[in-house]
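Just the one chain here, the form predicted on its own, laid out as structure tokens.
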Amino acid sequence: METDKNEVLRYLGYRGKPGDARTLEQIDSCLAELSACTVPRSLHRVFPVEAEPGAVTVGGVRMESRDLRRHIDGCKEAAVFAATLGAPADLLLRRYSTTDMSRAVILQACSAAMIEAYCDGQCELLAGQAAKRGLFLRPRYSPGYGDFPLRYQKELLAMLDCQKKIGLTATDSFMLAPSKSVTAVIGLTAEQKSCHIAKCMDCKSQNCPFRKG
């Protein structure tokens, strides 16, 4: 898995500007340290979809969200997806947060870019599986996007038995633990124009500091 350093710079707020030599050196060092201590893991499972105004039911779990409903409009199936870098990434971030804050900031950006790169790679594999059935993937849509409430984190994790299989849980405030993790719903559609790595292009948050140009 290769992590795009331009993505790391984007998370650091460079907004398309090239990084200086010192920052790029630190990024390389942080990515190497993360790669040495993390073993990313993921799960996915495909479920039938039933739609209604303002909500969708995926695998028997009803989710109230107009944005999610619109996002997977026309999909008869959806994959519930989860991925994590694991606990070592969090331990590394905590350690540097108390000993070297500047490195911790770069590690935070590196780990964010790394989990996204890993998710993209896993979705490429999922897209290959879907293609055998003449289907294409919609972009990942995660709790917290649009009006899709964070409270559905726990339902998505339970649907995949994430705690037992990859050690991924959610706190009482619905934040994922380990923190460098992702859950998402991915629509499967016969529309070939769909793109499963659109990311920010499908997000309504115009003021997000990490938004792509």
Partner chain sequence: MNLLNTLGKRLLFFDGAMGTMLQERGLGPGEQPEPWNLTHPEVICDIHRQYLAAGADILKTNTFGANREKLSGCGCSVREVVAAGVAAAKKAAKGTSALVAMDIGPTGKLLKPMGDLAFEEACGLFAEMARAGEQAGADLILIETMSDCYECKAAVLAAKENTNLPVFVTMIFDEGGKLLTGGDIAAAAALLEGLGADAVGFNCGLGPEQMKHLLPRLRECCSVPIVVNPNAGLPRSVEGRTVFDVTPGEFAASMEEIAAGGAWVVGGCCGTTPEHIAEMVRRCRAVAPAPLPRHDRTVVSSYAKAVVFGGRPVLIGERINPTGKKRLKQVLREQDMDYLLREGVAQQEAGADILDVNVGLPEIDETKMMIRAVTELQGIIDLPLQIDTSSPEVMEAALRIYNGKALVNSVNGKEESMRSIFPLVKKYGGAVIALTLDENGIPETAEGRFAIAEKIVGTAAEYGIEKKDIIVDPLAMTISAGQENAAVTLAALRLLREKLGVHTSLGVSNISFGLPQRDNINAAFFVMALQNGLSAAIMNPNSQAMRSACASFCALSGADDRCMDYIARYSEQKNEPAPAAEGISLHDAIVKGLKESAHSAAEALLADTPPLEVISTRLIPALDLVGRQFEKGTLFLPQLLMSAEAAKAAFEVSRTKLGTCGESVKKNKIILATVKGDVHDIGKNIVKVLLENYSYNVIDLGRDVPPERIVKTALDQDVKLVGLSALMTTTVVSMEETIRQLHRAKPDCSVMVGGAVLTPEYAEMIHADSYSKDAMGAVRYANSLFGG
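Numbering follows the first chain given and starts at 1. As the structure is a prediction and not an experimental result, all values here were calculated from the model.
Beyond the structure shown, there is the form predicted in complex with its partner chain, which is absent from this document and is the topic of what follows.
Residue contact check for M159: one or more of its heavy atoms lie within 4.5 Å of its partner chain in the predicted complex. With a 4.5 Å cutoff on heavy atoms, L31 does not count as touching its partner chain in the predicted complex; it lies far away.
Among residues of the shown chain, V56 is not one whose heavy atoms approach its partner chain to within 4.5 Å in the predicted complex. Residue contact with its partner chain in the predicted complex: A184 places no heavy atom within 4.5 Å of it. Note that among 68-76, 87-95, 134-142, 115-123, the stretch whose heavy atoms approach its partner chain to within 4.5 Å in the predicted complex is 87-95. Heavy atoms closer than or equal to 4.5 Å to its partner chain in the predicted complex belong, across 90-108, to the residues D90, L91, L93, R94, R95, S97, T98, T99, D100, M101, S102, A104, V105, I106, Q108, ordered by sequence position.
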